[in-house]
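Shown here is one chain on its own, the form predicted on its own, set out as structure tokens.
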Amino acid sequence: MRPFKSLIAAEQLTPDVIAQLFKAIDQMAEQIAEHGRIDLLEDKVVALLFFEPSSRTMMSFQSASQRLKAGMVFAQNASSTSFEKGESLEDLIRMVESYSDIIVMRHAMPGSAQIAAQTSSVPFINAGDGGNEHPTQALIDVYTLNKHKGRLSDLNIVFGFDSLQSRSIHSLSRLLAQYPNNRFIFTGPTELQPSKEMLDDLQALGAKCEVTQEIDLRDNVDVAYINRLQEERFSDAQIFEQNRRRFRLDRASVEGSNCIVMDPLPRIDEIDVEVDDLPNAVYFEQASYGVPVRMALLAMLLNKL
């Protein structure tokens, strides 16, 4: 039985839901390896609405749908839809729900996922709503963490370098705050530190939070979760240009540490390519989990698990 109709925010992914999904993700990965495709959703149609640029999220949802043998309807960028003519988000969702059994949407406006989910009569998945949240990425991230660390609690995690605007950092930290004894160290430019509201929320859930500009990954750090500066969200381009190469991981800062290095990608300037061949670097493996993770989520929300 599905635990909720629609996935809007990472806080919905409680430890019980995560445990259920991990089993399903493992099963989906096995099915891909053995059969390539399965007919679990052959009677369903998935609507993919991507009004903001995407590669990994968009293509992995496409692949997940195809591997489950679902039909698909697709819209990419607002100019390909009646948004261009002034149609409201609510009206668009009311139309798309009549074409599909589940809607996946990425939109530039924070809060758009909540509006769409409240409007839709079919299940809805938030694939990113501006700088707000990205819960399916958080699910990929915790699956990766569990694979490499064997736990989701008692972790020291460095988040960099744009905790103010990175929806991936927002969602992952909110999800992991539900597990005991996690410590979050946020690092990056002063202008891009996490908001007080975010820190208060995380600490209210029990996470220990620090903000610093100096980090040493050899100092009892389990995970370095690094995300690019969110260029498209800067109101002042000068702040982006001043900081885009100032904060980055290089080989010397990673080599010899016991932490794993994660990145939701795309990589721009935040991690030097020389880090790629270190055993710490798991970001490409992390991205590869996108298909079985999203297969499991689609199946769960369509009551096929």
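Position 1 is the first residue in the sequence shown; the rest follow in order. This is a predicted model, so every value here is computed, not measured.
The following text describes the form predicted in complex with ligand NCD, which does not appear among the structures shown.
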Selected contact from 126, 227, 182, 173, since only one has a non-hydrogen atom within 4.5 angstroms of ligand NCD in the predicted bound form: 227
29, 259, 265, 38 - the one with a heavy atom within 4.5 Å of ligand NCD in the predicted bound form: 265
Partner-proximal stretch of 132-140, 207-215, 193-201, 145-153 relative to ligand NCD in the predicted bound form, 4.5 angstroms, heavy atom: 132-140
Proximity of residue 106 to ligand NCD in the predicted bound form, heavy atoms at 4.5 Å: yes
Non-hydrogen atom contact residue 163 with ligand NCD in the predicted bound form at 4.5 angstroms: no
Distance check, residue 57 to ligand NCD in the predicted bound form, heavy atom within 4.5 Å: yes
Residues in 142-169 close to ligand NCD in the predicted bound form, defined by a heavy atom within 4.5 Å, in order: 167, 168
